[in-house]
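Presented below, as structure tokens, is a lone chain in the form predicted on its own.
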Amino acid sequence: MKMLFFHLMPYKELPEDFRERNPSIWVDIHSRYFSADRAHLMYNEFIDELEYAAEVGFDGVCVNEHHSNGYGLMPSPNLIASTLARQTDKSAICIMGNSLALYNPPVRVAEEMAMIDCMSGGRVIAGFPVGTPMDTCYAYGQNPSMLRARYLEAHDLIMRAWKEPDTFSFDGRFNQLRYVNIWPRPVQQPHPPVWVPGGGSVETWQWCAELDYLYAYLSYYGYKAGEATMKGFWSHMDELGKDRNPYRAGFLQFVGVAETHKEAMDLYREPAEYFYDRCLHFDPRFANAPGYKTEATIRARVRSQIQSGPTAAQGTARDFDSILDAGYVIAGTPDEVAERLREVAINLNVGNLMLLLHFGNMSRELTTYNTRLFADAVMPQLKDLFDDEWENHWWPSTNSVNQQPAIQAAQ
């Protein structure tokens, strides 16, 4: 079992009446709520928390890309990943990921990820999301009906740039380049492992199977809501003749750990309610741009977390008791959390768990406490899961080339 520390970097100081006074935290959130001085402190705390997770033994640290919103302050995950490449030495750096259709030209992704792979000594995981409609179609103005075509062409260009040793020309529908010759090139050959974040698209499942990529379901609504999607994924893998290697999949789960059950209930109530009341408050009109969903997905009646999310977030699961009942957050003692996560991993058949141990307006002190307790008392109970039967082919092939922290190596 691989366990990765995932960070959204949410803005932590939205007012209590944010939901009542604003239609959405995404796309058209007003700049009056943002303080650069406060964000300066938040960014440094967030980076410290990621570095601490690597220090206490998480297999990987995850960063991601979002735009024009207050729930994820990472428009460029590569910037954060580059700092982690210098300040960590063993954990995989999971860039989850770069929304490929937004880069012009996409070789920028190939260059930057290769650069970070070199800086880290071969620890990069390359995440290639299509991107949410809010980020891609509304914040960045992409035509939703062309988004997937742009994404696929960008992917093909990036992979060829990583693999092709000679300078080549690329003449695509959206990208025309006379000379493609990226420098630097990744440590991992022919390329870093590819993870594809998804929300339930049938085409994404099939594409991951064809190219042997990992499918990562980043659900903010927990294991109960994610069960149908993951069962659909594995059913599709069966139809395509793929094995049920659990390392073929990843899943995201909110977790809060404390010494006692009562302490967990007391500590994580406020940050959970902050996240589900304010951070996931977005206007449904931004959730499903016409042409964004493919015909096959519509015919299969697959509802993504984005499509169903606004309804769920505005319903009953905004108070902590309901959040726990719905499975959005798993909270309790180390033994309680470990038991539940083991059930989740086996039931969903996922060998890569991404843990959100910072959520909402959680303080640095509480995040550190949650992270340390998880690493010390939960992680050891899960590490052996699946390892005796399956091999993880979707993990960095080279770890810590210099076998010591980058900063020490540079001194």
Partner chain sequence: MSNPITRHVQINGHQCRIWEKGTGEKIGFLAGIGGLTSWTPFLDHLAEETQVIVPSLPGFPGGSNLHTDLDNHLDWLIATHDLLTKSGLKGCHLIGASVGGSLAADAVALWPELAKTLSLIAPLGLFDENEPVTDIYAQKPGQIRNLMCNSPDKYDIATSGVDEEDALENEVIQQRAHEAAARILWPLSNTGLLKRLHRIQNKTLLIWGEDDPVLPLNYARKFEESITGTVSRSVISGARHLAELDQPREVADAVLRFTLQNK
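This is a predicted model, so every value here is computed, not measured. Positions refer to the first chain, counted from 1.
Not pictured, yet referred to below: the form predicted in complex with its partner chain.
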Location of its partner chain contact in the model of the complex, chosen stretch of 201-209, 84-92, 326-334, 280-288 [non-hydrogen atom, 4.5 Å]:
280-288
Identify whether its partner chain in the model of the complex is within 4.5 Å of every residue in the set 145, 174 and 295, based on non-hydrogen atoms.
yes
Hey, in the model of the complex, is residue 317 touching its partner chain, heavy atoms inside 4.5 Å?
no
is_contact(residue 137, its partner chain) in the model of the complex, heavy atom dist at most 4.5 Å
yes
Is residue 299 close enough to touch its partner chain in the model of the complex, meaning at least one heavy atom pair within 4.5 Å?
yes
Although the partner isn't part of this model, could you tell me whether residue 141 comes within 4.5 Å of its partner chain in the model of the complex, counting any heavy atom of the residue?
yes
